[in-house]
Structures are given as structure tokens and as C-alpha cells.
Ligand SMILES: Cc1cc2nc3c(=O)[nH]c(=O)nc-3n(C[C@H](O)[C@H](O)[C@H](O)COP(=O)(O)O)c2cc1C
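There is one chain below, alone, in C-alpha cells, taken in the form predicted on its own.
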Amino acid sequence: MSNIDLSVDICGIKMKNPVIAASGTFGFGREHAGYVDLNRIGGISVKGLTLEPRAGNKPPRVAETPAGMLNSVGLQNPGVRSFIREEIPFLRQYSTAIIANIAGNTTEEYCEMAEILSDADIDAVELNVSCPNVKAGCVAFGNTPQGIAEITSLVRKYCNKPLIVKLTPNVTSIADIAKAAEDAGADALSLINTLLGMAIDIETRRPILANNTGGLSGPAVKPVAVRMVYEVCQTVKIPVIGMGGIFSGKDAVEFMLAGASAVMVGTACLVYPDACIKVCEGIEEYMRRHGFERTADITGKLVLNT
């Protein structure tokens, strides 16, 4: 019997292991249920939800890039009420934490969703602050310390679940953004969301994505993500969930050594349906090889060069 304890408690969210399926690439869990045992995944951050159903952007919505992909799906989803009605009962068949990722274009939309989800059978709310604020010139909520402080503090008033704020990397100082979210009431932080990118078809001289630009994810962003997680973990006291290009247990351990208490696996799930399980097994193998018994033994244990 293994003496390794992979369980984690992230601001009251108790999970059997530190691996969470990231929002956007795992659907609502049922899409992967025929391929993997969802009971073996620590948590699932579901497809980004909006107040009302959304059709998303017109295609093409994804494009392959070297060591990654661009996406501009546009938050296609059935709406928060349909999620509560149709998807939560399915997910509750499994012993995995349910994290509801929410997105909106106004503070009122965010607050209404947080209030609705406060009465739902979920474990946490993940606040996607990369969305454009239509009342502030379509600048993303999370692009400035002031913006992220405002949206976090407002949602906090309506949310009685643990509140995870998902940070965008498209900022000047990720540490300042993280501190503003912490001070405004975030219980935990998750990062990074996708980097803004573009791909061009040189024969047609047009962007490949119909929306012109999209979010870059996959292994290409991992060094940036690890650096940002490290900087944030040096700045805040609340738990940090790291993500960005995690395809293996070794990748996940990098984030944990940098300070992350848990990790999210995104793009890898589109390539390998069992990516979350493989990542978890890789973390356990690393811990066994080095004689670590708990995830806390590796979290933040980076030894800097001097």
C-alpha cells in the first residue's frame, strides 16, 4: 500500500489529489466519462458559464501552433441555469470537486451568476476575469489592479462558495494583479489563463481564426506560466492553482515547486483524454522517488540558484 498522501485542501475544497481538469477543455465531465474514471480526478472546472446560453464565435475557432494551439471559441455554453439543472446531477455521481467557472460582460452578470451558484451543489466558483467589460470600453476586468479589485469585491458579496479568481497573463505585473485580487476577497487564485496570440494564413493573407486573435495555450506557454506562478506565490498568502502547458507529472511538479498547491490540466485533455490521470500518476511517481509523503512536501520547495 502506498504511503503517499496526494490529498489537498484548497480554501476548504477537499480533493483526493491536486489535479483539476481546467475549464474549457473537459466540457462538463460527461464528454470524458466514457474514456476515463472521473473519480480519479481531484476536481473539474467546468466549461465557462455565462448567465444566458451562448452560441460562441463563428468558425474557424481553433488553430494549431508550434507546441500549442490558439482558440477563440467564444464561451459557447448552455447557460448557468441549464448547468445547474442538467450537469450538476451528473457530476455528483463522482467523488470529484465541482468548480463552476463564470464569465460575463458586466459586473451585474457576474454577481447574478455568483448569487445563483451560491445555492447550487458545487464546491467553488472560479471567476474568469479575462472577459471584456462592456461598460468600461471592453477592457478586460483583470487587466488592471483596480479592475480586478472591483469585480472581485463585488462578486464576493454575492458568493458564499470559495471564490477562485483566474488571472490573465496579459498584464504588466501579475504580482500586482494577484495582490489586488487577494485584498479584495479572493480565497484562491488560478493562473495562467491563455496568452493573446494570432496566426496568419499567408496564402489568403487573412488571420486563421475568424475572430482574428485568440488565446494561446499548450506547452509553448509553460515557462511563462511557471514564472508567473512563482511571482504570485511570493506575493500572496492564499492558495495558488497553477496551469499552462501541463502535459506530464514533471510539468505539474514544476508548478508545485514554484508554489502552486494544485494544478489544472487544459490543452493536454484535448490530446489525451486521460491526461489528468497521467499527470496525477506522474506526481505520485516523483514523490515516491524522492521520498515525499504529502503534496505539501513539494509545494513551494524551489531552491533558487545563488
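Start at 1 and count along the sequence shown; that's the residue number. The shown structure was predicted, so the numbers you read here are calculated from the model rather than taken from an experiment.
Quick note: we don't show the form predicted in complex with the ligand, though the next part is all about it.
The stretch among 277-285, 238-246, 50-58, 33-41 whose residues place heavy atoms within 4.5 Å of the ligand in the model of the complex is 238-246. Though the ligand is absent from this view, in the model of the complex it lies within 4.5 Å of a heavy atom of just one residue from Thr152, Thr168, Thr96, Asn71, which is Asn71. Only one of the listed residues (Leu75, Ala184, Cys159, Ala124) places a non-hydrogen atom within 4.5 angstroms of the ligand in the model of the complex, and that residue is Leu75. Put simply, Val265 is close to the ligand in the model of the complex: some heavy atom of it is within 4.5 Å.
Remark: Thr25 counts among the residues lining the ligand in the model of the complex, judged by a heavy atom distance of 4.5 Å or less. The ligand is not shown here, and in the model of the complex it never comes within 4.5 Å of any heavy atom of Leu189. Asn143 falls outside the set of residues with a heavy atom inside 4.5 Å of the ligand in the model of the complex. Taking the ligand as it sits in the model of the complex, the stretch 186-219 comes within 4.5 angstroms of it through a non-hydrogen atom at Ile192, Asn193, Thr194, Ser217, Gly218.
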